[in-house]
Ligand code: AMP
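Presented as structure tokens, the chain that follows is alone, the form predicted on its own.
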């Protein structure tokens, strides 16, 4: 019996030592060489903006990398839902950010892009953004103002991130991204996501066909040139892939195509309505859903759905956070609650994602991309899988279809 105990102890000790050896070996195994991926979002940069003025730096990327004919956003074509779709590969109906602002009955709380306490709270964010996928697999990530990156999701946040500051200078954003790429190897992020808002603000205020948008496009192209120049001075320049995307496009609107929702809404019949111009979530009281729907359904300039009737192609209606009635303005139309408020001239987004004016951009250049390759429409739902492939990490479950986008990569 004593001999048996000794043998068992020796075997157990051997198992423990072997497991410790495997752990140390795994911990000390160097991360295999992998390319760097830097992804910039130009908010509201429509698919055809490069035709409005001279864009030598975007042209350079087109001639030496990849350009898509357009990037179809997910619905609704709003900023927060689509940035988080790009990051997760999930439709808004599956990742939970169903609009820029909404009520979440699963949490009994409101989410708003202007409420920092909510934006930075990971409980609102479903799915797994690419920086979480990377960090969980020992690949460092950094983010400069990307939606969701200020919250801890699944226990992870990017190794480096910035809290949103709308007025932070664009040139300093470039310098920070470049400095991240200058860090010592063990500290250097292999994934960087960053964001510039300018085209969206100008598009809203002046419209997508205005002289001001032409100036904005020229300025943004110059910033891209500055980044490319600084990137070219780095010792790792031949290992860096640079991607440029946008979350959505922009459509012209005019004040003579207005729908005032309060003309049709009885405040006694609804709990609240969130968002306007052109996508509105109407939370009707349960016993008045039909009444509210019937009062809106024939109004000129808008399309109104009960939640259960929203087309499947929009991938939205099964989310618990969605209101029981959804209103979307028709192309070129705007919605407001009351007459006499803001005058709508300029541009907006939020329309059906099949509306070509809602399409954004996709450019890519670097060692992982084909050179001088133009492709047709890409879908932002597929970018997550592309990033995972480029970073050599295993993707989480998502809604994307890899075979729709992997053609942009050079053959290995």
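The structure displayed is predicted, hence computed values, not measured ones. Positions refer to the first chain, counted from 1.
From this point on, the text means the form predicted in complex with the ligand, which you will not see here.
S.K.: Does each of 242, 374 and 408 have at least one heavy atom within 4.5 Å of the ligand in the model of the complex?
M.R.: Result no, not one residue of the spot touches the ligand.
S.K.: With the ligand left out here, work out from 306-314, 194-202, 323-331, 213-221 which stretch has heavy atoms within 4.5 Å of it in the model of the complex.
M.R.: Comparing against the ligand in the model of the complex, the contact stretch is 194-202.
S.K.: Heavy atom to heavy atom, is residue 43 within 4.5 Å of the ligand in the model of the complex?
M.R.: Yes, residue 43 is a contact residue.
S.K.: Going by a heavy atom distance of 4.5 Å, is residue 113 a contact of the ligand in the model of the complex?
M.R.: Contact with the ligand, yes.
S.K.: With the cut-off set at 4.5 Å between non-hydrogen atoms, does residue 100 touch the ligand in the model of the complex?
M.R.: Close contact exists here: in the model of the complex, residue 100 approaches the ligand to within 4.5 Å, heavy atoms only.
S.K.: Is residue 283 close to the ligand in the model of the complex, meaning a heavy atom pair under 4.5 Å apart or at it?
M.R.: Residue-level check for residue 283: no, no contact with the ligand.
S.K.: Report the residue, out of 263, 166, 339, 138, that has at least one non-hydrogen atom within 4.5 angstroms of the ligand in the model of the complex.
M.R.: For this set of options, the contacting one is 166.
S.K.: Only one of 177, 119, 231, 296 has a non-hydrogen atom within 4.5 angstroms of the ligand in the model of the complex; which is it?
M.R.: Answer to the contact question: 119.
S.K.: Taking the ligand in the model of the complex, which residues of 78-97 have any heavy atom within 4.5 Å of it?
M.R.: Contacts from 78-97: 78, 79, 80.
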